[in-house]
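Next up is one chain by itself, shown in structure tokens, the form predicted alone.
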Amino acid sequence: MKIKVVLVGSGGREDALARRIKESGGTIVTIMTNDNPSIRSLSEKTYFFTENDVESILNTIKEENPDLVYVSPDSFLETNLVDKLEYAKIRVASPTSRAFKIESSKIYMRQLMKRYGIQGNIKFEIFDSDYEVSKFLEDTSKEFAIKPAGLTGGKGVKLTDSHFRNREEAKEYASEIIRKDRKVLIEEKVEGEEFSLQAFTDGATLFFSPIAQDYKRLGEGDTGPNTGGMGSITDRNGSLPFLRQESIDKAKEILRKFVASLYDDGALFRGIIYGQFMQTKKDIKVIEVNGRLADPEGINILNLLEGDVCELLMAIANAELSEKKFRFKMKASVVKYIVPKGYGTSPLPSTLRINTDNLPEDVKIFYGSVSGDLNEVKMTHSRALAIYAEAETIWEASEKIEANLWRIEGEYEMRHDIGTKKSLAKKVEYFTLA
């Protein structure tokens, strides 16, 4: 579809989306925070603003007069940018700040689930004083997840049994959050395997993607601090080897209920909604719900999606999703992120050199939080390059990535165990044990 799209965002998922828009015949104008060389090479024009420059962004978009705007990063969706675009009658395929509250406030999300009886909720408490937190954590031996109420980029959630040496450290972290946010959310810890389900929606119809799994921990074997995501996997059948079909069915119904509940709560959600779920040995639980394309799982989904992405985004914005048919390739896929040394604690940015000569068609390199050119980039403190591969099996896709690592020169960190046979076997074993 030959339309003009303003794309707001400059990370790996936005690079993947920009490439699909270009493949679909769209013309791209981008608004970025960092000078992503891949997105820049795909764009007719590029502008540089932060999420605080809402009025400047709005005026720029008005001058460009696009057919469609897609706002991608959470930091921009939290602002009133989409609200102002809609007020100016500019077509946009992203949620308003009111609808995005499903992600920007974890407390709102939990309370919405409670008020509308959405299944999969976790026992939770909200505290606004150090004394209450201290008393709560001292009076029980159970383990908990301590969460800031707002956006954390996947790095703010900490578990009492794996991120702290004792209860005192956990209480201090909760107190830090209260001092910053005035409230802290403490949820009962649940155990199992996490999975992600993304859905494109116009506020009524939901088009579901294949199931993905994000590897959040920094280190091999799921060790170390949480990150924004070190990589992700999908399988060719749309499920994952360790998932029960009933878990997928329940996850879809939960996302449908979220979209309906948001509408009843006064917020029409249009865009991409995705839930992070935990399959326990008996049921599934909602870990969190987000109001935008996932990263890294969104990279998998965009590359597996068949058809015209511009048409899909227009159908979302025009509330015409029920009239369209889209599908995904029956391929397994893996994403592995290259990050700076010390990422997750004290990152040490450096330079990477990239060789894309004769890159196989089923292997792609996406550019994240970097600047420079396509052959040499300067890393920032965040994720730098996402290497994507697809194959008949997850482990074959993982091996394809490993076979092409010679193309990246420089000092970096990566999780090599993502999507390996050994990693998958361990996940399957957890649910087969009595």
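The numbering used is simple: start at 1 and walk along the sequence shown. Note that the structure is a prediction, hence the values are computed from the model and not measured.
Omitted from view is the form predicted in complex with adenosine monophosphate (AMP), to which the following refers.
- In terms of contact with adenosine monophosphate (AMP) in the predicted bound form, the residue from Glu220, Glu288, Glu311, Glu125 that brings a heavy atom within 4.5 Å is Glu288.
- A heavy atom within 4.5 Å of adenosine monophosphate (AMP) in the predicted bound form is found for one listed residue only; from Leu159, Val363, Leu348, Ala260, this is Leu159.
- The closest heavy atom approach of Glu253 to adenosine monophosphate (AMP) in the predicted bound form falls outside 4.5 Å.
- By the criterion of a heavy atom within 4.5 Å, Gln276 is counted among the residues contacting adenosine monophosphate (AMP) in the predicted bound form.
- Although the partner is absent here, Glu194 lies within 4.5 Å of adenosine monophosphate (AMP) in the predicted bound form, judged by heavy atoms.
- Adenosine monophosphate (AMP) in the predicted bound form comes within 4.5 Å of a heavy atom belonging to Lys216.
- With the partner left out here, adenosine monophosphate (AMP) still marks one of 142-150, 261-269, 111-119, 79-87 in the predicted bound form; by a 4.5 Å heavy atom cut-off that stretch is 142-150.
- Taking a 4.5 Å heavy atom cutoff to adenosine monophosphate (AMP) in the predicted bound form, none of the residues in 381-396 make contact.
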